[in-house]
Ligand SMILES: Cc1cc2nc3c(=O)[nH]c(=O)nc-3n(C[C@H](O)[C@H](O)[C@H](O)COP(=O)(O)OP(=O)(O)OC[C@H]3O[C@@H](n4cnc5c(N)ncnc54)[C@H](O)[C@@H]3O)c2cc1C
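Just the one chain here, the form predicted on its own, laid out as structure tokens.
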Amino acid sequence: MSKGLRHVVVVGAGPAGLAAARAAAEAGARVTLLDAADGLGGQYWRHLPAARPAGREHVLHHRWSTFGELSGALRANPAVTVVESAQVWSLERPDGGIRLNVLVGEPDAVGRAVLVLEPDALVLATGAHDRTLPFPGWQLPGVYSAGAAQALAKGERVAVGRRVVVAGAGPFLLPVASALLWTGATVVGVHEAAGPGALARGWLSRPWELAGAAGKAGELAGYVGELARHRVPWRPGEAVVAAHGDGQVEAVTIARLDERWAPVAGTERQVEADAVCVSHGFTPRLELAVAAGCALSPSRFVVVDDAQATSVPGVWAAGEITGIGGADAALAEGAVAGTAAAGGDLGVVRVAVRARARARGFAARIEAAHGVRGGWVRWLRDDTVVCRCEETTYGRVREVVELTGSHETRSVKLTSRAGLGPCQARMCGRTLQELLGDAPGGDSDAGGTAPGVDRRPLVVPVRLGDLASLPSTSASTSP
């Protein structure tokens, strides 16, 4: 492998990262693809490991042939180095450049290999994770994020329960329910918080613009047909507002919601279930983008130009960290970002540029139809846990605000301990900001991200021994 080639590092091996890595290599760059998982594909193409492959893996995956094509091309290309189980735990900016500190090996293992990369160009494709709004009882065993339930179903063929309720907002609920059905679970119901009015306004306005999303319509029809065959009800304008059980979920309370997502009094009903899977949209993984100094939009996504370049020279971004648009958008953005990062001609990926425009319109419809409305706070009680790591309740947060007179996130975190636990506010950070009405801006991190919510200098937990073994020189170490 020639050392004279432009070196592009891609972080994340989901659809955006895979597309970026292939495009960069095809544009003549030397590429290093890093992913924390032990296999390629990200959450979208999470699958059984190569040691025990499935004969019909495509059944649980849309565009499975695309994954096979991308992963095969990358592994066969001598200009591409794929490093799995690679956790980028910090990003530094020495003299305006980019330095990635990486640990390679099983998470939390002793003696992981140390990798330090100083690439010519960096593509961030770190994706997103579920946002789960708190509700009474959500800390009980048996309450899962929808993404976790899908990961167990796709990656291990494990059902999270026998009778499962799927709830939240967004199209993602449908593939989660489908994956659970394939594992043999009984899906009691799929409950979409957005009501018929919001869904109609989001999806049916300017219907001619949906002409380019025929593939999505096919996916939707497939999921609807599957739910119908298994007699799984899909109920818009409803939410799980409480979970009940003695040490384990045994039942949930479901209520109808108004347009603002506030529970409608008198509509509550209990449903027996031993698991509930919840997702209210997604939160982008911004730690590395914030560490690099990338500007963020008011809605907390990385700002990029037409070439997917961020505000930081040498750094590009693609996929869900630039906006929640699904796999089609991620593939298109990745192709553009990889080509640009390698210094290639964007005319070569003009098909991807057109696909990106269509996909972004689809993403806007998702937000318009399924975006979180503020009335959900009405289902909280003072004893409802807001931060599960520190067991901080809604009542405690309210008490701190009353005592201190502060609605600023950092202040309330330090006083109430909400967001200071092991997950470092990944699960509760957005919720805490929304409860406090603390909009980004003012005393904030790069690009308008409130302090402490997305700024994590150590992206993942690191052993002191790993820190001690870091090389003292700033020289780049190739994988």
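Treat the numbers as computed from the prediction; the structure is a model and nothing was measured. In this text, residue numbers run from 1 along the sequence as written.
Here the subject shifts to the form predicted in complex with this ligand, a form of this protein not shown in this document.
Listed range touching this ligand, judged in the model of the complex by heavy atoms within 4.5 Å, from 148-156, 269-277, 73-81, 380-388: Heavy atoms within 4.5 Å of this ligand in the model of the complex occur in 148-156.
Mind checking whether each of P134, Y394 and Q433 has a heavy atom within 4.5 Å of this ligand in the model of the complex? Checked in the model of the complex: no contact with this ligand for any of the three.
Quick one: does A243 come within 4.5 Å of this ligand in the model of the complex, counting heavy atoms only? Close contact is absent here: in the model of the complex, A243 is far from this ligand, nothing within 4.5 Å, heavy atoms only.
Though only this chain appears here, would F301 touch this ligand in the model of the complex if you measure heavy atom gaps against 4.5 Å? Result no; F301 lies far from this ligand in the model of the complex.
Interface membership of A20, this ligand in the model of the complex, 4.5 Å heavy atom rule: Close contact is absent here: in the model of the complex, A20 is far from this ligand, nothing within 4.5 Å, heavy atoms only.
Does the 4.5 Å heavy atom contact test between A317 and this ligand in the model of the complex come out positive? Answer no; every heavy atom of A317 is more than 4.5 Å from this ligand in the model of the complex.
Of the options T126, T310, T409, T339, which one has a non-hydrogen atom that comes within 4.5 Å of this ligand in the model of the complex? None of the other options qualify; the answer is T126.
Is any part of 352-366 within 4.5 angstroms of this ligand in the model of the complex by a non-hydrogen atom, and which residues would that be? Heavy-atom contacts within 4.5 Å come from no residue here.
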